[in-house]
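Only one chain is shown below, in structure tokens, and it's the form predicted alone.
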Amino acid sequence: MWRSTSCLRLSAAGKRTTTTISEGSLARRSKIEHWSHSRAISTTSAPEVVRGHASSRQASGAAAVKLKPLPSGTSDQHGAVARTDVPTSRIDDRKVVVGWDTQTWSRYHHIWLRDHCRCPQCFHPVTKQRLVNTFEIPFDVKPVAVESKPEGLEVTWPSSQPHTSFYPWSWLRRNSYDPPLARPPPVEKILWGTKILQDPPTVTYEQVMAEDERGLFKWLSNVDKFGFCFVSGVPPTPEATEELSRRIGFIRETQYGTFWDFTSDLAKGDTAYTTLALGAHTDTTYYTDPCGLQLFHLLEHTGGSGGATLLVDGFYVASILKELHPTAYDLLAGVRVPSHAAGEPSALYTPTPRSGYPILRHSHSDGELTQVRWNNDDRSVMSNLEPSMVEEWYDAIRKWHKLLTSADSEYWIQLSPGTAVVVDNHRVLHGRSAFTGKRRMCGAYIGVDEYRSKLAVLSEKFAPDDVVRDTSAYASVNGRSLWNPAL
């Protein structure tokens, strides 16, 4: 992990929380909030569950799958002793109230709890899909009893055959919505500028290809934190590079093919297939869903010079823009930019909707910056601007461009055969200098969902969160806890 300069922490909204700034580029980190919750340690057997509100999908045999009994030991794998201060619980008119301590309470609607029962009759333990028929649950359903167990909340429901549900404490706390409680902070994003060259994130080909997958986890974790990561020691062949790409997930096919191996011969109608310089940009802005990861590997460069690779952290530049020019930032976050790919006679790509998407996209839930989408070369006609906004918008992208091209932001590196780089196309912009001679490059696109899926599976294996740790011993089927927060 890069620690060669002072770190500047950012909140989800992008505000600086410290004032320590070193000369030149800084590594900036998202603000980490301390978070803790009561660990649930099981001391009893699993409650018996019988059929209640369920659908005909139960015919699949889910009820026949048996879960492991709750552990009866007094400590878990981390040495935590069984808890005696279990949360309190009681039934209200429309909700079950859980008291975490004397000052912290959560309330869960009865229908919400019934809908989230994860017994084998209500939730398929293998496919991890809901079996209960949500629409057959009485709207005024109300438990007949609740009981606070050391490992979680036990709820008994009225029905022709009494139905018992169980909810781990850690899962309930994670999913508290009335009120929302503090959740684990997301993985830190380390923002960087030119000084990342002092110690860029790197793994070896041998680590990534190892069967235990620890090196693969390190690789993708670096991409998640930094937005890119080098892989050294890659055999300089298309076959080895393709195998490396598929280590993450299946390759996304585009108009450029599946796995591409190209030179500057204009075999495709794109300036990437020329010797021209390319400014910092993200790829496939003309897709409704731009490619997630992009992997490059220079196989050879003979008979010439130039062709240095440029990387720019779009999140880092956006954080500076927001601080120095907040009005410009808001314009780039609000104005939709249309784009196109029209160099191939057989293809004409534009996003849906045709008006495109803002350069800076944010999460609707917390306002966090989630994507940078910028390629001025592929931008279409800006006919959707209000007359009063035209000059302001052009001034905003000028400020954006100035920060992108500043010496503080640009990280230049001369790639060589044997070193591949994977880039998060939703965050890090890339480019190159002009070159002469024969320069042969290969690589691939990988979908953002495939990348996120692989990282989630590896995190589950090597860095499980508290809910998974608490429940895996008694609620895992096919290696995945029924209470995994992603479900």
Ligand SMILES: C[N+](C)(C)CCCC[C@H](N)C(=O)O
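Everything numeric in this text was worked out from a predicted model, so none of it was measured. Residue numbers here begin at 1 and follow the sequence given.
Just so it is clear, the following notes concern the form predicted in complex with the ligand, a form of the same protein that is not shown.
The ligand contact at Ala272 in the predicted bound form, heavy atom, 4.5 Å:
Result yes; Ala272 sits at the interface with the ligand in the predicted bound form.
May I ask you to state whether Tyr329 is within 4.5 Å of the ligand in the predicted bound form, using heavy atom distances?
Taking the distances in the predicted bound form, the answer for Tyr329 is no, it never comes within 4.5 Å of the ligand.
Taking 4.5 angstroms as the cut-off for heavy atoms, does His281 touch the ligand in the predicted bound form?
Contact with the ligand, yes.
Test of understanding: in the predicted bound form, would Ser319 fall inside 4.5 Å of the ligand by heavy atoms?
Ser319: no, not in contact with the ligand in the predicted bound form.
Heavy atom within 4.5 Å of the ligand in the predicted bound form - the one residue of Tyr256, Trp157, Phe123, Phe217 that qualifies:
Checking each option against the ligand in the predicted bound form, the one that comes within 4.5 Å is Tyr256.
Please tell me which of Tyr286, Phe228, Tyr411, Tyr167 lies within 4.5 Å of the ligand in the predicted bound form, judged by heavy atoms.
By the 4.5 Å heavy-atom cutoff, the listed residue in contact is Tyr286.
Tell me which of 386-394, 373-381, 145-153, 124-132 has residues with heavy atoms within 4.5 angstroms of the ligand in the predicted bound form?
Comparing against the ligand in the predicted bound form, the contact stretch is 373-381.
Judged by heavy atom distances of 4.5 Å or less, which residues of 427-466 approach the ligand in the predicted bound form?
Only Tyr445 sits within 4.5 Å of the partner.
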